[in-house]
Each structure stands twice: as structure tokens, then as C-alpha cells.
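Take a look at this single chain in C-alpha cells; it is the form predicted on its own.
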Amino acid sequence: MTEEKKPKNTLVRNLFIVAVLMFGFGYALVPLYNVLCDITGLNGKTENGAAKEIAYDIDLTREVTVEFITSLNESTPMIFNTETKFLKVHPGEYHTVNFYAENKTDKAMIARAIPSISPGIAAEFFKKIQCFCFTEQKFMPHEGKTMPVKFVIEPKLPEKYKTVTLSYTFFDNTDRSVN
């Protein structure tokens, strides 16, 4: 092998190794992100389906403030808000909060609300019995809907958590949905 080919072979081998490592890092990024979120308590993911309604012993000795935040993806032409900005609840007590969404366009729209709970650890104890976020929502032109969310915070929520934030972001899925 000539001296000229040796550096080229080394360079090609090194570039191949870097490409494999980059692919591996990209592949592992989602599980690493989930671990980071679990450790830091960020980005509380909620269950995708309805929880069963269970008769809990209501803990009347403590209150948890539940904050409700609404937002829209920048390309979602809607109005979206909640009737209640926050609610004080006793763990184990069921509550229903209404949200309102309206299509501001002249076309039918399919939208999806993605929920998040903060702190992340609270997602384990925040149970939704009914939620518009479980399925895509179809809106006719300029149609508005009141959409309830029925929830309970399990009494097992650690006492150090005094505030839980439930946030929803609506996304326009019209072009992504199968009609």
C-alpha cells in the first residue's frame, strides 16, 4: 500500500465511524430525553386514554392548586382557552373543567390537543376520566365547541406538591389526517 492511500483509508474509516456514532446518538436521543425528563420532572406526559373512575378517600386535610394553560401551535388558526385559570382541589375529589376551542377559518379543520403536566412526577397521579385530548377534534368552519375535562388527583400525590399545571397545545392536523 502506498503512503498516499493510507491517509485516505484512515480518513474514510474515521468518517464512517463518526457517521455510525451520530446515527446511534440520534437513535438514542428519545430514550435519553425521556430519562432526563423523569429525573428533572419536566414534560409530564399524561396517559393517552381515559382512566377508570374510582371512589377515592378524599383528603380534606390538604389542597392542591391545579393551573390550566392553553396554547396554540403557531400555525393553528383557532381560538383556545379555558373557563377556569386555576382550581383548588382536595386529592381524591373529582372535578370537571371546560375548555373552549373555535375554528377561525372558512374550512373544516381537524385539530389535536397535546397535554402536558408539570411537575412531571404529578402526571402519575393526575387521572383524566374524560378529555377532548384523547381523540382528534373535527371543527366545521367557524364552529366553536365547549369541551370538558373530568379529572382527579390521586391522594397518593406526595404532599410536597402544592401546585400542578395542566397545559394543552392544540395542533392543526387537517393535512395529516386521513379523511
Partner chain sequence: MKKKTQLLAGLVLGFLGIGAAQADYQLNLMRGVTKISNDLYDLHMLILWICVFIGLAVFGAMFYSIYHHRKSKGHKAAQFHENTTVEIIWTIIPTLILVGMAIPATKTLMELDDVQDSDMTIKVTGWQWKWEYEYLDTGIHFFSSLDEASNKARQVNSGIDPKTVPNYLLNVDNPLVVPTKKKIRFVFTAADVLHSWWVPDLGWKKDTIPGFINEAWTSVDEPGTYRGQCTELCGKDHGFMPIVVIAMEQPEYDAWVKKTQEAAAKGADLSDQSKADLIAKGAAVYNKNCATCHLESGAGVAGAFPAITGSPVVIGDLQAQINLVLNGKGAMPAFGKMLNASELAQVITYTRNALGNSVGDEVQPKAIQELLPQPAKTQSSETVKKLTETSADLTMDELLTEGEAVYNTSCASCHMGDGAGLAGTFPAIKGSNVVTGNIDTQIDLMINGKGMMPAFGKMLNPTEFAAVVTYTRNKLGNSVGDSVQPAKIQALLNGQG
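Treat the numbers as computed from the prediction; the structure is a model and nothing was measured. Residue numbers count along the first chain shown, from 1.
Although not depicted, the form predicted together with its partner chain is the subject of the following passage.
Trainee: Answer yes if any heavy atom of I54 is within 4.5 Å of a heavy atom of its partner chain in the predicted complex; otherwise answer no.
Mentor: Answer no; every heavy atom of I54 is more than 4.5 Å from its partner chain in the predicted complex.
Trainee: Give a yes/no on whether S118 approaches its partner chain to within 4.5 Å in the predicted complex, heavy atoms considered.
Mentor: Residue-level check for S118: yes, a contact with its partner chain.
Trainee: Can you work out whether I69 and its partner chain are in contact in the predicted complex, taking contact to mean some heavy atom pair no more than 4.5 Å apart?
Mentor: Close contact exists here: in the predicted complex, I69 approaches its partner chain to within 4.5 Å, heavy atoms only.
Trainee: Tell me, yes or no, whether E143 is in contact with its partner chain in the predicted complex, where a contact means a heavy atom of each within 4.5 Å.
Mentor: Although its partner chain is absent here, E143 would touch it in the predicted complex, with heavy atoms inside 4.5 Å.
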